[in-house]
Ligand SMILES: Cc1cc2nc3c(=O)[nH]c(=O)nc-3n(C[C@H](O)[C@H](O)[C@H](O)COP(=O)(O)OP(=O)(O)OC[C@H]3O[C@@H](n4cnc5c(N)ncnc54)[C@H](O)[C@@H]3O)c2cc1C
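For reference, the chain that follows is the form predicted on its own, supplied as structure tokens.
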């Protein structure tokens, strides 16, 4: 997610530019249709929540309340909708993250437009129609060659997708599993929609989905991957796949959104950093597009890397800090790869997969099963391994409401570290330094939090005991 990474670097004081091969993305392309809780909270911490909530409401008005309960987005697992009425919304993990819930239904094109406005306000130049064709990491600089000329930079981050030129030119391996299927997503005018069943339908020839909005269709055929994913998708391509799978002569008369073609190609870069070249988003990992996990994973990469690289560029931290980017993000990437692989296994139409699907569907018909799946899909249980025993350490900071009516997230718009001090004598604030934004509040639990710019809690205490705070400040703030 290059735009968000550029914004985080700009907030950290770095001189940054975005080089984009495409002139513009289709405004109505079929991509991820929603975001998870960490992504919504990342927008919240940067003051973008009102804009995201506006998009959320517009989507609800257009497609209705499918996949929501009490205004909450749940999603699906392998085509099996997660019933919001079965979710235990009082579960502590879910209850701790509700402030940004009204900004979950933000489709990827609208998110990209929102972030484009964000980087424009920060003065970040975006050069479109420029393709990277060469790079040379000299050890202290990176020489970048493009089809419009060359430039030097201190660091280069490839956010250029699954076919990343930066990853290839840097010589970073991309191991994983090869594709075995072909999928399409589209929104179309359908002459005879009554020939299609609502929701996901399995047949001996594959699986298709119709809805929830009128004209939205998705198809999956398991016989082979597409011969060429770069060729334009036509109405005939989508119609032929839908007819083969459904066994009907359903007729599509027009495409109302730019369709997408996808596979179950699943890979993760051998390293997220090689010298002065780093990878983020789909350049670092690709997988089937279930639940918009790739979009959210890319946002998490950008938030994690942005402040770290910004600190290194500014001389506030040693280069070794960048090694923690791979250490922290790789396990989450591997989990998403397996989560989507599992859905492909359940989605297949063979008898063994069908039997497994029945078992999973049975589990998802229970309160505990649905709550577990929603927690995983929403991202509220994500955690990285950090020193300390407090249960919040390594987790994304929960909603923290302050005595003055604000929330802790309202104090994070500038992108720096936050130190919440709820001690009676300001004991935690005295340990902080000029690189930390101290927020004081009336005594309550937790008494103190050190929150990194990416929203991860680096230190926490429920009492006036400051044990571990100095170490956390030294480790992360410097």
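Owing to the predicted nature of the structure, the values given are computational and were not obtained by experimental measurement. Numbering follows the first chain given and starts at 1.
The form predicted in complex with the named molecule exists for this protein as well; it is not shown, and the discussion that follows is about that form.
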Would the named molecule, positioned as it is in the predicted complex and superimposed via the C-alphas around its site, fit into this form without 3 or more of its atoms falling within 2.4 Å of the backbone or C-beta atoms? Open or blocked?
blocked
Candidate spot 22, 160 and 262, all three touching the named molecule in the predicted complex (heavy atom, 4.5 Å)
yes
Partner absent here, but in the predicted complex, which of 198-206, 324-332, 264-272, 288-296 has residues with a heavy atom within 4.5 Å of the named molecule?
288-296
Heavy atom within 4.5 Å of the named molecule in the predicted complex - the one residue of 370, 185, 74, 304 that qualifies:
185
The one option of 108, 382, 246, 343 with any heavy atom within 4.5 Å of the named molecule in the predicted complex is 108
Find out whether any non-hydrogen atom of residue 277 is located within 4.5 angstroms of the named molecule in the predicted complex, and reply yes or no.
no
Is residue 423 close enough to the named molecule in the predicted complex to count, meaning some heavy atom within 4.5 Å?
no
With a 4.5 Å heavy atom cut-off, would you call residue 31 a contact of the named molecule in the predicted complex?
yes
4.5 angstroms heavy atom contact with the named molecule in the predicted complex for residue 338
no
Hey, which residues along 207-245 are within 4.5 angstroms of the named molecule in the predicted complex, non-hydrogen atoms only?
none
